[in-house]
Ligand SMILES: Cc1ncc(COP(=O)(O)O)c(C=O)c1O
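Okay, so here's just one chain, in structure tokens, the form predicted alone.
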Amino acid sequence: MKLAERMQRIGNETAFDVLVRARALEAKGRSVVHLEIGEPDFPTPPHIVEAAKQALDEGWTHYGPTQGLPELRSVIAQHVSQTRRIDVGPEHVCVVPGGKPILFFPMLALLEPGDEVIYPNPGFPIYESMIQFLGARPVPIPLIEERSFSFDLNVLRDQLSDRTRMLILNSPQNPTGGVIPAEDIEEIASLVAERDLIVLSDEIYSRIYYTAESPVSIASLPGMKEKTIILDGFSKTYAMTGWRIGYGVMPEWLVDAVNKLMVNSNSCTASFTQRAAISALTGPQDEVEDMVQEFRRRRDAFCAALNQVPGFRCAIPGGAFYAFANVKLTGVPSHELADLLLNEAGVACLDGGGFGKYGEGYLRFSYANSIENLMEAANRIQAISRTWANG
């Protein structure tokens, strides 16, 4: 037997590859500072854990509705209505195991071979992976460092065509930490409002931002709610990456298709995690706010330290927990530099080229680590910088 041809079109996430290599070095006795994996290093808030324990004790261990528990969908709808200033109900909500199904299922339901999908580059690798897997045509739009890693709107305008069926937005963004300004969101909405396409708005980092105002969801603009799929979840905001629970908010006409794909793949999302998710949204939010403030402190200190490294230039991210450092002036290709930092300095980070061609020349560092470890990583990078500074 051979693998199907489509398997040649599916990609991977380099973060997990680098983690494996870093663990192998540690197994040999090497010290490694882990700045490669994008997950909060905080524990899940205790009241959420207690809600899960209670749910297990109460017997929430069986199948639930494919679309999600009605109580959770109602709470999500209320949360999204308040935070995005739109009117949605539980009928618009699909609860799924993690955020990625809200990338895969709507794409699978909507895209035909040859359809074009516009997406941010550098961007989350699974965007391009799924587009190619389905035989659609990926159309990358560069994120511009000088625009705080927002779209080049002129390029976006030029790339829209009659074949464009989907536009992917991600704000706050992985890997750059960029937040799309409100005026850019308004311009994007004006460009697509009359087109036969749908916007997939990846808002998984919606609560992790450092700007004065919360990031704007394109769904909140006039006429866009019926053209937008909101992807969000609990992994980043509540440090629940291993719980595998996310959700999509979408037009009702798409919900049935997503439910069919869910029932054919996962049946449903684990019932006890859904009970915990209710507690996450309705319970105290202090730990979320404290986590974001700590991320801000780490961001400021780590980016300042990176900007002292010869050949490094690191913009201050507006959200998420990633520093995306421009390393072009080192004269070392970014993939080689990432390997050098891992193997020689014991700092695990990611080559920006792993997030698309426009990410080449950058390194992504996750500052979801203690400030002590971040400063240690910065010191190690500074120490090894003579490798390129003197070359």
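Start at 1 and count along the sequence shown; that's the residue number. Since the model is a prediction, treat every value here as computed from it, not as a measurement.
From this point on, the text means the form predicted in complex with the named molecule, which you will not see here.
Site residues F149, D184 and S214 are none of them in contact with the named molecule in the model of the complex, judged by any heavy atom within 4.5 Å. The stretch from 135-143, 270-278, 98-106, 311-319 that comes within 4.5 Å of the named molecule in the model of the complex, counting heavy atoms only, is 98-106. A single residue from the set I204, V80, V179, L167 has any heavy atom within 4.5 angstroms of the named molecule in the model of the complex; that residue is I204. With the partner removed from view, the residue among F124, F295, F302, Y119 that has a non-hydrogen atom within 4.5 Å of the named molecule in the model of the complex turns out to be F124. Residue contact check for T228: none of its heavy atoms lie within 4.5 Å of the named molecule in the model of the complex.
For the chain shown alone, R244 is a contact residue for the named molecule in the model of the complex, at least one non-hydrogen atom being within 4.5 angstroms. By the criterion of a heavy atom within 4.5 Å, T237 is excluded from the residues contacting the named molecule in the model of the complex.
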